[in-house]
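Let's start with one chain on its own, the form predicted alone, as structure tokens.
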């Protein structure tokens, strides 16, 4: 198997992030008072590398690459996890999630050894496992049930053989997917399915309409429906996506996960990764507490500032030569966030801090910048100076500083006239290091 050089990716990480040793990360975990924790365990290998997939796992054939498999699961992953077991033991684990890649590539022996190694595993009520519909066995499902898993996620993506062939994804027939769903449910676990609209341009509407009908017949408890990841901002495709969903049987037998809480609009959908629906006979409490309670923690914590105390921290393990899937962790407290990724190029885990936010430092930084602005005087009418967290959404009318600090000062104008232009010119002279869009 050919593996491309990872050196350029590591250089890019060093430019963007701060590399730290494990002692700093352990100290950050020691300071964390948030009692709740989610644990993510990554399988980096895939039976095939799908063209549509953003994360691009490492293509892998266990028959010819047994040594690589053993090095990852028997050596690297245990060595990477074990130093953090005291962290897990000190917290209340709300969910264990096994993602990929393709976790169902693991052998029964690997799965059992991994589950037995993890702290508080059997006592954790919510456990989730991703299953490839063309790569699984009944014995694997039996083992998941024996260890008390609450939910399996089946990455169908499409029921159409030709579209999957064009996307380099292994095919599973509708009948075999129905069989898999039935077997998972017979073992007392919930089962979720993933579908993607517009995987390519060939018969996209016809294929997705057919996929929705097959998914309905499969009997999934939960469905995650999404537009092709790279096309989320295409309004006409969003319109069509909703139209196809609402005209299918899914609309009558499933409800949106936030039904009654948020109005579902195309504009709101454009802020989401997927439209997630729940079969009407599934308890909303079970969905939130056992089956899909991991959802708020699957994105980088820096997207959720302002709600840190309401969300569990996340500790993630497992990485292998993938610039888009370097397993992240985030340490959340009410007044701080520390986020880092794990990178594995040479079988020694490296860690890079990707984001830090501390409430005390934020206010100190804001005061320092206000003192710099004092000599310019107050801004004219129609122009506002705003302090934000550095990852807040930018728009074209904002001038955002590339922050040395956590407090991002932005300049926003409602209109341009002589007084605002004069003030903006003064700002340009005083702060030439800002990223000026105009």
Ligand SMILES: C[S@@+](CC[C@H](N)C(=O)[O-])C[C@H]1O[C@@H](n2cnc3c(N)ncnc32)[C@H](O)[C@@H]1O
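Numbering follows the first chain given and starts at 1. For clarity, every value in this text was computed on a predicted model and none was experimentally measured.
There is also a form predicted together with the ligand; it is not shown, and the following applies to it.
A.B. asks: Spot the stretch among 356 to 364, 131 to 139, 247 to 255, 71 to 79 with residues whose non-hydrogen atoms come within 4.5 Å of the ligand in the predicted bound form.
C.D. replies: In the other structure, the partner sits against 131 to 139.
A.B. asks: The ligand isn't shown here, but in the predicted bound form which of 102, 336, 124, 150 has a heavy atom within 4.5 Å of it?
C.D. replies: Selected residue: 102.
A.B. asks: Scan 407, 383, 53, 28 and let me know which has any heavy atom within 4.5 Å of the ligand in the predicted bound form.
C.D. replies: Result of the distance check: 53.
A.B. asks: Answer with yes or no whether residue 293 is in contact with the ligand in the predicted bound form, where contact means some heavy atom within 4.5 Å.
C.D. replies: Taking the distances in the predicted bound form, the answer for residue 293 is no, it never comes within 4.5 Å of the ligand.
A.B. asks: Against the ligand in the predicted bound form, would residue 332 count as a contact residue? Criterion: heavy atoms within 4.5 Å.
C.D. replies: So residue 332 does not count as contacting the ligand.
A.B. asks: Taking the ligand as it sits in the predicted bound form, is residue 155 near enough to touch it, meaning that at least one heavy atom pair lies within 4.5 angstroms?
C.D. replies: Contact check for residue 155: yes, within 4.5 Å of the ligand in the predicted bound form.
A.B. asks: Please check if residue 160 has a heavy atom lying within 4.5 Å of any heavy atom of the ligand in the predicted bound form.
C.D. replies: Output for residue 160 is no: heavy atoms all beyond 4.5 Å of the ligand.
A.B. asks: Select from 208 to 229 the residues with a non-hydrogen atom within 4.5 Å of the ligand in the predicted bound form and write them out in sequence order.
C.D. replies: Those in contact are 226, 227, 228, 229.
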